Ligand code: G3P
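Shown below, as structure tokens, is a lone chain in the form predicted on its own; questions about how it binds or moves come after it.
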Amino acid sequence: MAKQKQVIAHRGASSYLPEHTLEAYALAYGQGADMIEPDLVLTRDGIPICLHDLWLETTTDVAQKFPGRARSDGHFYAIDFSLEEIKRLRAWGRAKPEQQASIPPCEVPTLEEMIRLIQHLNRQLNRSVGIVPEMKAPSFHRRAGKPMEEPILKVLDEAGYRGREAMALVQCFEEDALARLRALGCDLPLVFLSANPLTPSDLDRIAKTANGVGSNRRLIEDDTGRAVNNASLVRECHRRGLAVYPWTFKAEEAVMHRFFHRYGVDGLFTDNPDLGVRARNRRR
């Protein structure tokens, strides 16, 4: 991986365009992001698609296109729909109902389509922008009879993402899913995501499988702007060779500057990649 501190576009440039659309990924690329994050779930036919939630109604018009297909809990789960059906949906991100009509037509992309876009732009513009795919709820998919590790690894491998120097980080909140990736022969950098405090023994265990920690930013700095335990999480991770990637930052250039230059994080996730780049590049 590149040694430069990484500005990671959270769901694309999601403050500006509907999250997890090719349009949002392209804008993040244009704003100078170093890496772009696609969250991944599987369709009924086992295709990895870019979607944050397990269900579709939060960010698409699935309820209008497929009324009556919700489960008893009211959710329209992506895993219950074929890719062909999902491609009929209009993706409008988290726009409010009164804003949805003004959103330009977007669709839910596959991981393969997202990669094709980024690699095309890299070739055309002579850049090396990477990807940070996140496996969403592997345990849910396993219970549904559709383990997601192999389908995702297959797409990544076919796209040429192999080895510790590849411009790809695979991340997940489930440690056992990361261990399964290693057992399947995955040699890409892996990142364990955590919203909860991590003890030194936790970090010792994580370091046996992963190469980095994606932490809730509030494990490093609280809401008042004060460092938590003198930002010890960053120090303890670095002692173990683990990179640190806190999440998620919005239009908070000064805060991102502090995380980059005071706390020394290796990268961060932001909905506003343009501001993240400016914060990273600004002198201390």
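Computed from a predicted structure; not experimentally measured. Residue indices: 1-based, along the sequence shown.
We do not show the form predicted together with SN-glycerol-3-phosphate (G3P), though everything after this point is about it.
Of the heavy atoms in F249, none are within 4.5 Å of SN-glycerol-3-phosphate (G3P) in the model of the complex. Contact annotation: D39 falls within 4.5 Å of SN-glycerol-3-phosphate (G3P) in the model of the complex, judged by heavy atom distances. For the chain shown alone, A168 is not a contact residue for SN-glycerol-3-phosphate (G3P) in the model of the complex, no non-hydrogen atom being within 4.5 angstroms. Remark: K146 does not count among the residues lining SN-glycerol-3-phosphate (G3P) in the model of the complex, judged by a heavy atom distance of 4.5 Å or less. Partner contacts here mean any heavy atom within 4.5 Å of SN-glycerol-3-phosphate (G3P) in the model of the complex, and among 133-141, 149-157, 96-104, 81-89 they occur only in 133-141. Though SN-glycerol-3-phosphate (G3P) is absent from this view, in the model of the complex it lies within 4.5 Å of a heavy atom of just one residue from L193, C186, L198, V129, which is L193.
Between the options H257, H52, R217, R44, the residue in contact with SN-glycerol-3-phosphate (G3P) in the model of the complex by a heavy atom within 4.5 angstroms is H52. Although SN-glycerol-3-phosphate (G3P) is not shown here, in the model of the complex the stretch 8-22 places heavy atoms of H10, R11 within 4.5 Å of it, in sequence order.
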